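Next up: just one chain, as structure tokens, the form predicted alone.
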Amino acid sequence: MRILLHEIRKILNWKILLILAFVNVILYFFLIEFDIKHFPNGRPALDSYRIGVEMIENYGTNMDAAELAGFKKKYDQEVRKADQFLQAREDFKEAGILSYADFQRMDHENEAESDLRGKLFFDEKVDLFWELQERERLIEFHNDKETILQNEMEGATPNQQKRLNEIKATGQYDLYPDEAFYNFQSIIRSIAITILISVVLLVSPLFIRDRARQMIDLQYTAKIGRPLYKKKVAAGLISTLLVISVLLAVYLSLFSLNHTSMFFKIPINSFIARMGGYYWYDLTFFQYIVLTIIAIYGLGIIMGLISMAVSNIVPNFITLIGVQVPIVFGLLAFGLHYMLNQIVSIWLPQWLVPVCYATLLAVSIAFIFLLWRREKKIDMV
């Protein structure tokens, strides 16, 4: 235990912690800050978020036919308010715009009408009209959701069609605004990138640092020398888990500033599927968040094991960087989308993501195990 704690302290030394802090600050401002500082990002995203909160307050986390009708009734009430608003405005009356229906028919090619419309939306920023647009978009999804789902079935495999039919039978799909959900998908990908880069920086020097200091020969002439490999790997894994936990705690605390917790009980299939977002499992938003956190731990362990293995076999830091860069780039550029954001997407075979995790984990563990066998036989003469 004493040696293990010593190795952990060697990994979590002040220099590497300083580097991690610096890298995380840089990556925070490049990748993460935008999704926190600019959520909801402009309009009509702001209106979509507000209407989503209103829907949860009025209808809860499921909507039946009566509640859908209630949502349309609310839209009609808002249209009447828009009628009264326009009829009270001299500039709109002079232009012959006396109702919301007239407003919708305004000619965008007509400069005067276009200016009038822009004045209302962008100069005066009248919430009522922004929200009406978003309500119309949601009602279109509510009205067309069966057609949308049917279109998705046409290109689906038999398993995907079966799942889409299960979703259709519930009736709980394409209901709620998706701003909060897609904001989380964006931010968790950025958080994952930041964490995985941090893990690589943390454990990559694990073996090569001792080799650079000519410590390997000295260690392996002692009785404890060769078993030190296992303790280093254990220390690397513990340090990886510690860093992942701390960074997740920090970044998810920042994510909480977006105030999306009221959406946590919404089933992810109930968010409108503007990008074909249907899923294999009936997870709530919160369960999806938990699943992505588990996925980040899994990816972090895989990257940690691979980085430690590479650190054990390369001769110097330059080679270490040269080998690590394509591995990290490949995982971040291609792997994260499928293994994190699309982890339960119906458009990937149901078995694919679990098999990818299991394979990568098995390969990385096997790599470490083979290197351990090599360590036991290596000749120090």
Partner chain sequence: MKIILLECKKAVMSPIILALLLLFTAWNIFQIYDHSKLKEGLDVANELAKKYGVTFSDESLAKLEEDLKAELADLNAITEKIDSRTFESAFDFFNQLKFEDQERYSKNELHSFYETYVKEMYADMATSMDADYASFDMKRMGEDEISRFGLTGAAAETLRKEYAQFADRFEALQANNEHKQWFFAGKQYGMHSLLFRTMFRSIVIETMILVVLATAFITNYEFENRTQLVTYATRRGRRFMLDKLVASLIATSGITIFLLVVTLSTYFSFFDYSHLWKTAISSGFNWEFNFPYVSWWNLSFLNYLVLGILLFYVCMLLFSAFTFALSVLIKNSYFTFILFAGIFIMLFIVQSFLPTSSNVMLMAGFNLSTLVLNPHQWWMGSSGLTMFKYHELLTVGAWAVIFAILCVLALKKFAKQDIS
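Remember, predicted model here, so these are calculated numbers, not experimental data. Positions refer to the first chain, counted from 1.
Unshown form predicted in complex with its partner chain; subsequent notes refer to it.
Although the partner is absent here, residue 236 lies well away from its partner chain in the predicted bound form, with no heavy atom inside 4.5 Å.
Mapping the unseen interface onto this chain, residue 323 counts among the residues with a heavy atom inside 4.5 Å of its partner chain in the predicted bound form.
A residue is said to contact a partner when one of its heavy atoms sits within 4.5 Å of a partner heavy atom; residue 34 fails this definition for its partner chain in the predicted bound form, lying far away. Its partner chain is not drawn, but in the predicted bound form it has no heavy atom within 4.5 Å of residue 369. Per the 4.5 Å heavy atom criterion, its partner chain in the predicted bound form is contacted by stretch 193 to 201, the sole one of 264 to 272, 193 to 201, 238 to 246, 91 to 99.
Candidate site formed by 44, 121 and 258: none of these residues places a non-hydrogen atom within 4.5 angstroms of its partner chain in the predicted bound form. Interface residues of 4 to 22, taken as those with a heavy atom within 4.5 Å of its partner chain in the predicted bound form (partner not displayed): 15, 16, 19, 22, in sequence order.
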